[in-house]
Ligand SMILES: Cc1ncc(COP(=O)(O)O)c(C=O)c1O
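Shown here is one chain on its own, the form predicted on its own, set out as structure tokens.
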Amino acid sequence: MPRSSRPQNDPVETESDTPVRRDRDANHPETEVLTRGFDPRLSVGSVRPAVFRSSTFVFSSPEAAERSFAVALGKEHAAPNENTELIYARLSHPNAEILEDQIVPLDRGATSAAVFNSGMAAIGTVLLSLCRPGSAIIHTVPIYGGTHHLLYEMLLPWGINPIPVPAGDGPALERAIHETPNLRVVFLETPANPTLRMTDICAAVQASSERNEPARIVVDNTFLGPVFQHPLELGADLCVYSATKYLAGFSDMLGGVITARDPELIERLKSTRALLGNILQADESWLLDSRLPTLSLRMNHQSHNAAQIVESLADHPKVERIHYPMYFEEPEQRRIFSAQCDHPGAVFSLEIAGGKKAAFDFIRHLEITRNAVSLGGMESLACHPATTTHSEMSPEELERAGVCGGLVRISVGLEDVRDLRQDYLCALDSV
């Protein structure tokens, strides 16, 4: 049966006839993502994983089937290094297992991962797994519109209480963590979408640890992770990714990923995933796995492009403010960025003089950058958050979150930075 694990009966090489091997744990992530979790001998020698399109899997024996179900249903725990046989693709399948193995080394501090058919599926699975009616969820503001809708239009009517805290307001966040009864999850989106405000992950972890029953710290790490920010190393319990964005990188698929320090927590999420049926399908798992080796290359190039472009736009008379870590005005925001990030990333937002009309004019005059939501793809995209990604928020919520009418969010791609710079300058001059 094709599996991502190594066969148990592999021959063991001895000191007398082979050179000393390197410690596998010494491999860097860029090596691990190409070598970990996949054995070509289990795939007829294929140098890269094949696509295993199958809804169900044949058991080697009735005893093996019994054991697989016992572990899958949580009646028994798998032994160390035990690989129970696959059952049904809604629970798991070879391509998902390979992808989950290979994404772990990219996210420093992770021990295990689970994949989903979208970023919102990943977020929903986390919150439904960890919360019950009467539970509270603290979340930073602003937050992605889909997450906002899930919290207030679905979970709140079910008796799960979302509590907003402004992104970057450390004292307010710590106070809320200390004082909120029945707190189960602290959901941090950092940098915040679309204002790029940073929230101190370590402070949230410390505040939660001081509770009698600590809450789980969950970080939406889509904007900077896993290359430029590593929340699990800072003590967060879970990292959530819209794999649609940088992980996939080509704007041609949907996906979600959750990584964790505690493998038992991932197993809990996988149990919920099996019930909801929102696992990433075989073709998409195979496709996403093929993109991981170039993730660092793509994100670094896009981030360098963005940093150069922002510098060129900073003094333009039509730009009232730039939201980007290099231009944080508050000392505390600069401190947080320096403490928990390696690079500012490839997303920035402009506040354009003249409000919504000026923002629309700017977008209308872009020739290279496409007017579309999403981010992290190889092509540059621009959108108007107040009327698109965050349009479910009320005018009062938008104002409190700093999502004004003149704000445009830009995701910088892989085009030549000189062409992109000219594109934005010309569009600004046309406002």
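Remember, predicted model here, so these are calculated numbers, not experimental data. Note that residue numbering begins at 1 and tracks the sequence as displayed.
We do not show the form predicted in complex with the ligand, though everything after this point is about it.
- The contact with the ligand in the predicted bound form, taken as any heavy atom within 4.5 Å, belongs to 222 out of 222, 140, 302, 259.
- Among the residues 199, 229, 285, 244, the one placing a heavy atom within 4.5 Å of the ligand in the predicted bound form is 244.
- The candidate site formed by 309, 362 and 382 is entirely out of contact with the ligand in the predicted bound form, as no residue has a non-hydrogen atom within 4.5 angstroms of it.
- In the predicted bound form, at least one heavy atom of residue 255 sits within 4.5 Å of a heavy atom of the ligand.
- Although the partner is absent from this view, residue 289 stays clear of the ligand in the predicted bound form, with no non-hydrogen atom inside 4.5 angstroms.
- When the ligand is considered in the predicted bound form, residue 107 lies well away from it, no heavy atom lying within 4.5 Å.
- Taking the partner from elsewhere, residue 193 is found to have a heavy atom lying within 4.5 Å of the ligand in the predicted bound form.
- Heavy atoms within 4.5 Å of the ligand in the predicted bound form belong, among the stretches 114-122, 172-180, 344-352, 154-162, to residues of 114-122.
- Interface residues of 124-155, taken as those with a heavy atom within 4.5 Å of the ligand in the predicted bound form (partner not displayed), are limited to 144.
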